[in-house]
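Okay, so here's just one chain, in C-alpha cells, the form predicted on its own.
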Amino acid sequence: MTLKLRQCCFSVGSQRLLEDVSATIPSGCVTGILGANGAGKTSLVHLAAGYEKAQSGSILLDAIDLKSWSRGELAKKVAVLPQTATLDFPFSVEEVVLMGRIPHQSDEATNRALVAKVLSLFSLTDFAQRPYTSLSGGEKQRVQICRVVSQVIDDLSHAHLLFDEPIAPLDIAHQVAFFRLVRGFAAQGTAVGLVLHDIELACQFCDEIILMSAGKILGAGKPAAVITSDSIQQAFDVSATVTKGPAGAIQLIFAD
C-alpha cells in the first residue's frame, strides 16, 4: 500500500503551510522527510494520515482517495507517532501499548500476545508492568513507538507507519536499534515515513528522502541525489560540503 499526495495545498487561517505538494511514501521503503523548522514536514504527515484536510489536491491510500476510508479502517492501516505524546496517568507500560489495539476490537488474548511481541522487538519485555510515569524520556518514547507499531502489527505488509521526530529523545544505541527495526518492517512491505533532523543518519538508513522548504518539496529521491551542498544551502540556509565517507555514507562538513 502506498500513500500519495497530489498537488496538495494546506493552510491554517491565512498562513499557507503546504504549497502544491506532491509526494509518495511507498510500501517496502523507509522514506525520510527532512527540512528546517517550519518547512511543512509535520503538516505533510498530518495530511497523509488524514488528521488534516487539504484545501486542494488529493491524498490516495492504495489508489483510493483518503476521504473514502472510514476512520476505523484507516486506523488499522496507518499509525502515527506525533512529535509529543503527553500521558500523566500511571498506566503500566503494557496498558499504554495496548491502547494501540483499540481500532481492532480484537479479543484480549490476541491483543496481549501482540503487545508482548512488540515489547520484545523493542527490548521492553521487562518494562511491561512498570508505571509509564516512572520512565525516563527516552524510555517513554520507546513505549510510544511500541504503541504505534502495535496498531498495525497484524499485517505489516499492508501498513503505513509515520513517525514525527521519533529519535530525538533516544540515545545513539536506541536510535540505531530503531532504524534497524523499521528497516525490518519495510522489508516485510511496510511503508515507513520518518520526519528527521539528523541528515547523516537519514541518508544512511532511509531508502528515499523528501527534502522540504517553506511548504514545498525541494527534492525527492535517493539520498545521494537529494542531499547536495546546494540543496542543504536552500533548505537550511547553511553552507556545507557533502562528501562520501566509508562504505559510501554521506557526511556533511559545515563551514566555519
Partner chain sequence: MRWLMKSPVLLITLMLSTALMLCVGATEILLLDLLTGHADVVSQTIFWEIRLPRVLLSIIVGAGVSVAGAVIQGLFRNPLADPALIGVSSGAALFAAGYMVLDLHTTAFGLLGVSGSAFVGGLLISWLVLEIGKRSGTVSSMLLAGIAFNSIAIAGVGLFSYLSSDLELRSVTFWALGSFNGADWTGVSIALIIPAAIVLLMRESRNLNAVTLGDKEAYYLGIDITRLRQRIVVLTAVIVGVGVALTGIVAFVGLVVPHLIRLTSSSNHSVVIPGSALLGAILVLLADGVGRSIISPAELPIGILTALLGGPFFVYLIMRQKGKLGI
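Numbering follows the first chain given and starts at 1. Only a predicted model underlies this, so the values are computations on that prediction, with no experimental measurement involved.
Missing here is the form predicted together with its partner chain; even so, the following discussion is about that form.
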### Query
Here the chain is shown alone; which of H197, K216, K53, K222 has a heavy atom within 4.5 Å of its partner chain in the predicted complex?
K53
## Note on the structure
Exactly one of C206, A49, A39, I227 comes within 4.5 Å of its partner chain in the predicted complex through a heavy atom, and that residue is A49
### Message
If we define contact as a non-hydrogen atom of the residue within 4.5 angstroms of the partner, is A85 a contact of its partner chain in the predicted complex?
### Response
yes
### Query
With the cut-off set at 4.5 Å between non-hydrogen atoms, does R147 touch its partner chain in the predicted complex?
yes
### Query
Heavy atom to heavy atom, is E95 within 4.5 Å of its partner chain in the predicted complex?
yes
### Query
Is V80 close enough to its partner chain in the predicted complex to count, meaning some heavy atom within 4.5 Å?
yes
### Query
117 to 125, 173 to 181, 139 to 147, 153 to 161: which one contacts its partner chain in the predicted complex at 4.5 Å, heavy atom to heavy atom?
139 to 147
### Members of 100 to 137 lying within 4.5 angstroms of its partner chain, judged by heavy atom, in the predicted complex
G100, R101, I102, P103, H104, E108, T133
